[in-house]
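Before any questions on binding or motion, here is one chain by itself as structure tokens, the form predicted alone.
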Amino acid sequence: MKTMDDIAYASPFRDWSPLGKFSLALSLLVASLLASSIVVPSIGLVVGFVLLAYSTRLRFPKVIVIALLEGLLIFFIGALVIALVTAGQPLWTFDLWPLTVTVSREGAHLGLLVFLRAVTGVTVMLFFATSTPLPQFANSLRQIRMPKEIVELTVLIYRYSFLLLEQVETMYIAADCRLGFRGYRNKYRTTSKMAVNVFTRSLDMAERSQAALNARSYQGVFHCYRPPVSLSAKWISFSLAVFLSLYAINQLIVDSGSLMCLLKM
């Protein structure tokens, strides 16, 4: 099964600066969150989707696809609730016996704005996650003088989480073959036993891993023989230019809207 790690290593953006890609994604995300017009999050969504599509060819593991669909459903429900509870000038009215539902113009705008912000944030951060292997990003944190303890924990969690997930999968298959999930009572009992076993095995794995690291003269630093591309002034300037451009577009739209309101008055 293809994992997110495999997608990141196969991405055409893999050799780009990890911190540069992070600054670009962050500029799109912050600009979308600060915008009061739906145009700016829409631009961020289009840019993020194009980058994501080129990076992954829109081929994701089934688990990621299910999680994305559930997230979109939650975003839609949240935006719908915002549109229904926000007061303002009526835009649509639906007769749902015995209730009458009214959607205001302000509520529709706010709900759509929140939905676009959420989808844009997921898209741009997913682009970063699917184009940047985590070991590269962790090693690039040294360039901004991140404490080595944080870098060490990041790499250790990343490397040994796969072993832990493999053990969980093995225990699940073994319990399923023994009909451990047949019926609610057996399901709860098996799940609780698996949780206890995962905790105890994680402690045992941590002890054995520490012994293995000590045997290899581990000094708290994971050496990288192919250091990632460092963050350059071009990346900072480009990310800042993207943010300022989106901010200027938002201000122009807001000012033009205010001017139209004054002319109508």
Partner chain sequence: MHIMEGFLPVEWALFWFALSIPVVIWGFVRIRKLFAEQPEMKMSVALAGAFIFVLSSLKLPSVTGSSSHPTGTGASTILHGVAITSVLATIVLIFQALLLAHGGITTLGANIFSMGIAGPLIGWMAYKGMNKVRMGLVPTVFVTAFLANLATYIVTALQLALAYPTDGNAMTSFITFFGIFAVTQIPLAVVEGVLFVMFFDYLARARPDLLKGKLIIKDRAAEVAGAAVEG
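Numbering follows the first chain given and starts at 1. None of these values were measured; they are calculated from a predicted model.
The form predicted together with the partner chain exists for this protein as well; it is not shown, and the discussion that follows is about that form.
If we take heavy atoms and a 4.5 Å cut-off, which stretch out of 53 to 61, 40 to 48, 198 to 206, 226 to 234 is in contact with the partner chain in the model of the complex?
Only one stretch qualifies here: 198 to 206.
Report yes if all three of F22, A118 and Q210 come within 4.5 Å of the partner chain in the model of the complex by some heavy atom, otherwise no.
Answer is yes for this spot.
Is there any non-hydrogen atom of P147 lying within 4.5 Å of the partner chain in the model of the complex?
Within the cut-off, so yes.
With the partner left out here, check for me: in the model of the complex, does some heavy atom of F94 sit within 4.5 Å of the partner chain?
Judged by the heavy-atom cut-off of 4.5 Å, F94 is well away from the partner chain in the model of the complex.
Residue-level question: is P90 within 4.5 Å of the partner chain in the model of the complex, judged on heavy atoms?
Residue-level check for P90: no, no contact with the partner chain.
Quick one: does Y218 come within 4.5 Å of the partner chain in the model of the complex, counting heavy atoms only?
Taking the distances in the model of the complex, the answer for Y218 is yes, it comes within 4.5 Å of the partner chain.
State the residue from L156, A175, V103, L112 whose non-hydrogen atoms include one within 4.5 Å of the partner chain in the model of the complex.
The residue in contact is L156.
Going by the partner chain in the model of the complex, which residues of 174 to 193 come within 4.5 Å of it through any heavy atom?
Heavy-atom contacts within 4.5 Å come from Y184, K187, Y188, R189, T191, S192, K193.
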